[in-house]
Ligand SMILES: Cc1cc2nc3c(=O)[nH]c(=O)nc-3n(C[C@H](O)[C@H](O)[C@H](O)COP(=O)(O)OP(=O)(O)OC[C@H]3O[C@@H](n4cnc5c(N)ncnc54)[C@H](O)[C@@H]3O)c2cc1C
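What follows is a single chain, given as structure tokens, in the form predicted on its own.
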Amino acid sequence: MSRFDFVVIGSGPAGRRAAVQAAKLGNSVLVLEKGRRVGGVSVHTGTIPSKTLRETVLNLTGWRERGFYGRAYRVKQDIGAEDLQARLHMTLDHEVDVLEHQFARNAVRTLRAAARFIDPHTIEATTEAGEIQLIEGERFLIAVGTRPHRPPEIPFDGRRVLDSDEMIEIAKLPRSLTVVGAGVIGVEYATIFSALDVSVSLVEPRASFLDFIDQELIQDFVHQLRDRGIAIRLGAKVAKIEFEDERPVTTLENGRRVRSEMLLYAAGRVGNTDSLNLEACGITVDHRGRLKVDPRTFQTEQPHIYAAGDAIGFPSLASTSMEQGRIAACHAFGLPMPPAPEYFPYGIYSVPEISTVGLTEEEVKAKGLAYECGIARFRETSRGHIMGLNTGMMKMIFAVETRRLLGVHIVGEGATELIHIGQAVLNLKGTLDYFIENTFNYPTLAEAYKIAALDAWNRMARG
């Protein structure tokens, strides 16, 4: 039986960061990964593939230049699935290479095997060839991520009805696409395929979507999607999905029928915890297979077993998963950790991008705070003009009494990069005055911070 100080199950962002951190503290570390290559969902089917796909689409379609040259402008006239996958495989190979080198440099052992607990300190690891090894660990981290929710009544066939894992490997681009589920993944794929001039219908059973985002931003976002011809069907559940003439037809409970060449079912994900035999450790999961942890230490019901990443639920971001893994490893081996900053940025890599940090206007109202908002449109900046941007906005929220920044919300080109200025000022407890008094490079989209701050300042002065 092999014995390690720290056994990590899963090599995604949480597992990777935890393993390296534990190794740097002088511990023997083993990472178990049941996939063919290290990297987890983030590298192989989730974060990296979808963002690579997005970047490829924006480049090949000439999307960013259409503000100048019109909607018919294209860099490449006939774009096929093979065009999208060429760049994808290059990116994935690079990510895996970097990760394997990082593990080797830090003396982190890896084993390609599926893990199953026998008791709270012992794991049975089964390789693809069926060989079984027993592994004893002093401490563990469960970082197994999630997989798409696949209800039995949905007729998945890997060709016409797919889940989000299968979307990155499609053999042929459809002319029309129905996306069921307007969560982050559904919205990202719906807008990416729309940028390819695929006719897209977005179906969501709830009356609203992306409810954690400031609603003024969502209104602007929805306006842009509708303007592009995306059909948004809210407030009606899917009654059935069946095939007619080899095409999926989605019938909604209100009787509406949505026909398309292809259907992406992206209504939720479930934790990859069902094969771990967690009962042997006395650890329970919720109805979606997610683990409950102490939000400060990431310990499960068993103090020596930690969990991090998507398997513990919201926010399910690669960035926060990495930090959760690092905090878990530090706590496991007695390294004192300062509390995490209060606010982290959330990025949605749709077309256009959405990124947000801090409180939404709805949350500020619920807290009963006196506040004022400032708005900047990207077209108001010289850089936006140069780039041909007709859309894009930034919203900043300030407390009236203290002038403290409470939240920044951006929709438009470069939103996920721009948000970090707001994040820094927010976590450093900065005020409106920072944006008024400081100089920004000209011309840049970051000037929107000054424009939005001046807008809020003017409203406060009038008040």
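One-based numbering along the sequence shown. Being a predicted model, the structure only gives us computed values, none of them experimental.
Just so it is clear, the following notes concern the form predicted together with this ligand, a form of the same protein that is not shown.
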Please determine, with the chain shown alone, which of 405 to 413, 28 to 36, 431 to 439, 55 to 63 has non-hydrogen atoms within 4.5 Å of this ligand in the predicted complex.
28 to 36
Using a 4.5 angstroms cut-off on non-hydrogen atoms, would Tyr189 count as touching this ligand in the predicted complex?
yes
Under a 4.5 Å heavy atom criterion, is Met393 part of the interface with this ligand in the predicted complex?
no
Wondering, does Gly422 line up within 4.5 Å of this ligand in the predicted complex on heavy atoms?
no
Does this ligand get within 4.5 angstroms of any non-hydrogen atom of Ser275 in the predicted complex?
yes
Out of Thr381, Thr178, Thr300, Ser321, which one falls within 4.5 Å of this ligand in the predicted complex, going by heavy atoms?
Ser321
Given that this ligand is left out here, which of Ala195, Ala113, Leu84, Cys373 has a heavy atom within 4.5 Å of it in the predicted complex?
Ala113
